[in-house]
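Single chain ahead, by itself, as structure tokens, in the form predicted alone.
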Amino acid sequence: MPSGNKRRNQLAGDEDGGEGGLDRRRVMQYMAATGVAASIAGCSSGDDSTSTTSGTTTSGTSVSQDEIPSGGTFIYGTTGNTNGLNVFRVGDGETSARAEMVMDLGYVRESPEYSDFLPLWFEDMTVEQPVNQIDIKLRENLQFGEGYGELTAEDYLWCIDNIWTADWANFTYASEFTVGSDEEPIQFEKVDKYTIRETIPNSRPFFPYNEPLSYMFPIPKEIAQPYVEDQNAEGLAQDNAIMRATFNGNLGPWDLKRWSQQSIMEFERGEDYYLREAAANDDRVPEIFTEAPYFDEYHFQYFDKAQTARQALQAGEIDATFIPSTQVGSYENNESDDLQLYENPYRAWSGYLGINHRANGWSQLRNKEVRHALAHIYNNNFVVENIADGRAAAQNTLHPSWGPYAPDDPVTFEGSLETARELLESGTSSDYGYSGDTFVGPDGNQVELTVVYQSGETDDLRAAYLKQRLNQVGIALNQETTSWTSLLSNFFQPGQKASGFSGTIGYGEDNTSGGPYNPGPWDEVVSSNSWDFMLTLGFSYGPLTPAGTIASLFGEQGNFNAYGYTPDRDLGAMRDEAQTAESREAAQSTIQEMLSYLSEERPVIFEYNPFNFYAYRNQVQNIGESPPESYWNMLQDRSSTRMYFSNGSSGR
């Protein structure tokens, strides 16, 4: 289905570049937290083919709607995981990508202007100026499956009150239903069966990037009610209907057919997909959706190693996979007649060396000087030039180099090991210091730290570089590899009381939780496994709403601040100031101040926004222009609903 908005901030891994290339996910993600691809651009031939809404253009040859063949099974090879389609727990990119296979979102933004969007579930939106009241009209005949009836305004309102904003649910995006420093709730009311009125208590210049309903997955009341009554969030998260989204009805382009843990996830074409009828009657929906999707089935084939997935692609066993930057050269120079390469330089994802500020990490990492030492040791320019082979852009804060708010003068580090040694000595407590060339701790032994990551070609090289450089300043490093699921659940997500803490976990007198990824302060709650540094996990976000992203990831009570970072500035208040400014222009100085602050603080060691590369078999058509002309064009690429096989068959 279409890709989307930058729905919301999400955790995402680097090596796989996003599951399935479901840029329908990205489209929606970036929209406002959230979107479908509209017109079709030329394929990856690099020609100047232009898009058309009456057909598509492939390798310079225009294909009319009537000529688009249907059929075949598309297989995407991935090294991710198959942890279900949990529409209740959608905090990470992979889960969202899978969920968005079977359920669309409200709309997909097509430009920075709030009026420019591709309508999906939301047939229309009426916005009063200044943006403080929005009427959202749902399409008619959006149907849940399994007899749960039509999706209407009532379903949204029930989920808002009983799940998405309910304290017991600990919903990851609950904070997006409030505005401003006082956390004033957005008011939602039913206008009629299909219309929801959203009244915003403050100015919200970044609408629709942070319009919450556009990227929520309503759950039928009949499924959720027992868990609501028992306030059983864990039970709801593990319910089979939720894990498999069996109630998706006609709400998305695909239906889950088969799911074999860590092996394969198979989707079959949804026979009653609502958007086909919409495309036939709504001029704003491109004609290509009148028959979408075009594959009979879409599969995720899971591999232990990215190299194995690439070998399967070369052998014609699968149709596409992610290509790490370290391997792109061989595809560029030896691109066979059977493969085509897609390049995306507009990835809104920040890769960095994560730092554990919590009590089960090295205590000295909470000192900024030590983090500055690390920025010298783990030099981002070296990583970009020598590990990513220049196929990335260095970052010195949480914002892509091409983004509209990139500060002009970020703090940079030249990679001096001599300076790093000086900072280590001055930044650590008095019981640390050098013994010869060895950096020792209070027990007189060499300081020994641990980096955890999911093994992959790029991350293996990043970890080896970190180890080499730490050794050069006298610190030993243990390398620990694990799966993506384990990385999230056993290392990143805090869920256990910190040693020596016996109270109730939470922030402030009310023991407020920041959400499942940040239930409390650094000295109260820690992950089940200790760690000091983390690779693989980065952060996916909407580049047009960086204030929310910054507060979410690095605000003390931010919903994704699993790192336990404690800033000495109230990033949440700065976010509120920016998000309730009178205009986007008025918010700019605050946003850049936040980004400059992070550049100086280095709560993590900012590294790069890597380009994405995917290899497709040539039979796969309509993947998008490579590289896309802009971030907005990229959002429309590689949609599972618009791609097709040139002869209607995979040929396997």
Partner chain sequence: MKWYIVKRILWTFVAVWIALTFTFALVTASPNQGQMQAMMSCATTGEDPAECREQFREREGLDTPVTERYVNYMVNMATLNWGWSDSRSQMVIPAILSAWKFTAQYAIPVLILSTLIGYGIGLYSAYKPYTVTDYAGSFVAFFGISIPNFWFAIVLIMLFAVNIDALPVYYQSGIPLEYGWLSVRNFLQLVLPITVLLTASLAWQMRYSRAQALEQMNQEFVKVAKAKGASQYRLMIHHVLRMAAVPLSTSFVGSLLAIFWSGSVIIEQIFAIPGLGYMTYTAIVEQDTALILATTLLTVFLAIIGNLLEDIAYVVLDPRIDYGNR
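Definition used throughout: the rigid core is the maximal C-alpha set that superposes within 1.5 Å between two forms. Bear in mind that the values here come from a model prediction, so they are computed numbers and not experimental data. Positions refer to the first chain, counted from 1.
What comes next is about the form predicted together with the partner chain, which is not displayed.
- Only one segment in the set 347-355, 459-467, 255-263, 183-191 has any non-hydrogen atom within 4.5 angstroms of the partner chain in the model of the complex, and it is 255-263.
- Thr504 is the sole member of Ser115, Thr504, Asn471, Ser435 with a non-hydrogen atom lying within 4.5 angstroms of the partner chain in the model of the complex.
- Shown without its partner, this chain lists Asn83, Thr450, Ser401, Thr73 as candidates; in the model of the complex, only Asn83 has a non-hydrogen atom within 4.5 angstroms of the partner chain.
- In the model of the complex, the partner chain sits within 4.5 Å of a heavy atom of Gly495.
- In the model of the complex, the partner chain sits within 4.5 Å of a heavy atom of Asp167.
- Contact between Ile318 and the partner chain in the model of the complex is found at the 4.5 Å heavy atom cutoff.
- Shown alone here, Asn529 lies within 4.5 Å of the partner chain in the model of the complex, counting heavy atoms only.
- Residues Gln301, Tyr302, Phe303, Asp304, Lys305, Gln307 are the ones in 291-307 with at least one heavy atom within 4.5 Å of the partner chain in the model of the complex, listed in sequence order.
- Once you line up the core between the shown form and the other one, the Cα of Trp168 ends up 2 Å or more from where it was.
- After superposition on the rigid core, the Cα of Arg421 moves by less than 2 Å between the shown form and the other one.
- With the core held fixed, the Cα of Ala406 is displaced between the shown form and the other one by less than 2 Å.
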